[in-house]
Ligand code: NAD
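Next up is one chain by itself, shown in structure tokens, the form predicted alone.
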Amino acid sequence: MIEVTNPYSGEVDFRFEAVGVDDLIARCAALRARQPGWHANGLPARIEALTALSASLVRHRVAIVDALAADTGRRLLAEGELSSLLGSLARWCALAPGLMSEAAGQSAVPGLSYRNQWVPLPLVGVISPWNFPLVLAMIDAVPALLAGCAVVIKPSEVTPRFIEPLRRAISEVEALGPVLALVEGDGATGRALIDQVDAVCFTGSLRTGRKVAEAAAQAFIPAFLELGGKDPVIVTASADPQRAAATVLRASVLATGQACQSLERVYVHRSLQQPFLEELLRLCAEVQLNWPDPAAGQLGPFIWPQQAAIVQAQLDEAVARGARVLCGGQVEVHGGRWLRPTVLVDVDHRMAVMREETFGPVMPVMAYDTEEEAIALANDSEYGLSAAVIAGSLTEAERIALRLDAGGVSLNDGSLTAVMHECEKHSFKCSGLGGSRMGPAGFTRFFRRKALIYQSGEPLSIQIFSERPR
């Protein structure tokens, strides 16, 4: 039995049994056997099934949100997760028909023509994280199902309470249940899953992502990995310090900083540093924990208790190396673990808080003097998930953004990749591998392209390759 800690109370209040390897193999074999029929039914039937899933999710809304709130310690964001999933279902169902056109054409070689057939990957495995349990369990599953794949999802063992109410909602859609399964388990379950699928989608840390990539390479299957980030924000001398401070605060501490697109490094022009910090500290003082009243405040607990220890260790190491804490800085234990918005100054790139993913409501602020210096500092990272630039104009922000090594850059805002789903983006450096999960590629990556090449003339004879005397 795997024990699960409630992030709000700090107590173990949930237990579950991991799926055994033999059971996992049998479930994946059943999904694989049913996938051809799911694909053969056609895209309109798949859209109908996923539209029915939306209706079922609405019917099970209370149970799903209650479970998510228990998983994460935050009700408003739990409600937002379900709303986001409903929006994703509607968006992909609307977009998929326009993305299914198959290329065809003539070759430069006389008599030859071609067309492409799009063949879905039979079984897609999804290994999802604990920070947004529902959304990140389904973000890859929805387009894969529409593509005609069967899908097996292994959610995080840290947040498993939502699985059963979600499973009940899925079971009410007769066509969908046979090709979409959720399996409970831990890292060993996820590792075993990779050997049973034709592609794996993973969202999580770089350390675990490397293991997933290695296992996928051994299995010789595609791996779509969205890994950690250490997202920088550059605040230029022309920026409004009040607007910049408000944006940085929201984009750094929303969801207790437990989001891959959270801003984790703040570079402010030296001339703006003082007014920016004054406003940031004023705003930080207004942020309240959702404790002792879970229905109040803006900041929830750490979902995973070990993450609080990781963040505290980074803060302690930074202080030991000369950083100063201007607010926050100490994890509070109220059953669960909370950290108030934390601002650090006198930081540098020797410190873990400037190099390693923090995943907490921490804002290390570093001054710079020139644009070149700011860009060099922002790019000085093994990560390249996303970034932000806040400037006096979009033109100035764009000029800087074009030189940043990140897959998505927010201009005069922060963390916009969380709400912009229409445009494709890739993870740079160690922040990920594989096709974009946003934009059209988020759907088309689940197909293999087969080329059908037609010969309408006479095939070549071996005789034309006879050697001839010179």
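Computed from a predicted model, the values in this text were never measured in an experiment. The numbering used is simple: start at 1 and walk along the sequence shown.
The form predicted in complex with nicotinamide-adenine-dinucleotide is left out here; the points below concern that form.
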To test your reading of this chain, name the stretch in 164 to 172, 396 to 404, 180 to 188, 344 to 352 whose heavy atoms come within 4.5 Å of nicotinamide-adenine-dinucleotide in the model of the complex. 180 to 188
Which one of Arg243, Arg321, Lys211, Arg324 is close to nicotinamide-adenine-dinucleotide in the model of the complex, taking close to mean a heavy atom within 4.5 Å? Lys211
I need to confirm a contact call. Of Ser156, Thr236, Ser381, Gln314, which residue comes within 4.5 Å of nicotinamide-adenine-dinucleotide in the model of the complex, counting heavy atoms only? Ser156
Just to confirm, Val124 within 4.5 Å of nicotinamide-adenine-dinucleotide in the model of the complex by heavy atoms? no
Is Pro364 close enough to touch nicotinamide-adenine-dinucleotide in the model of the complex, meaning at least one heavy atom pair within 4.5 Å? no
Should Gly328 be classed as touching nicotinamide-adenine-dinucleotide in the model of the complex when contacts are defined as heavy atoms within 4.5 Å? no
Can you tell me if Pro232 lies within 4.5 angstroms of nicotinamide-adenine-dinucleotide in the model of the complex, counting non-hydrogen atoms only? no
If we check nicotinamide-adenine-dinucleotide in the model of the complex, which of the residues in 110 to 131 reach within 4.5 angstroms of it by a non-hydrogen atom? Ile127, Ser128, Pro129, Trp130, Asn131
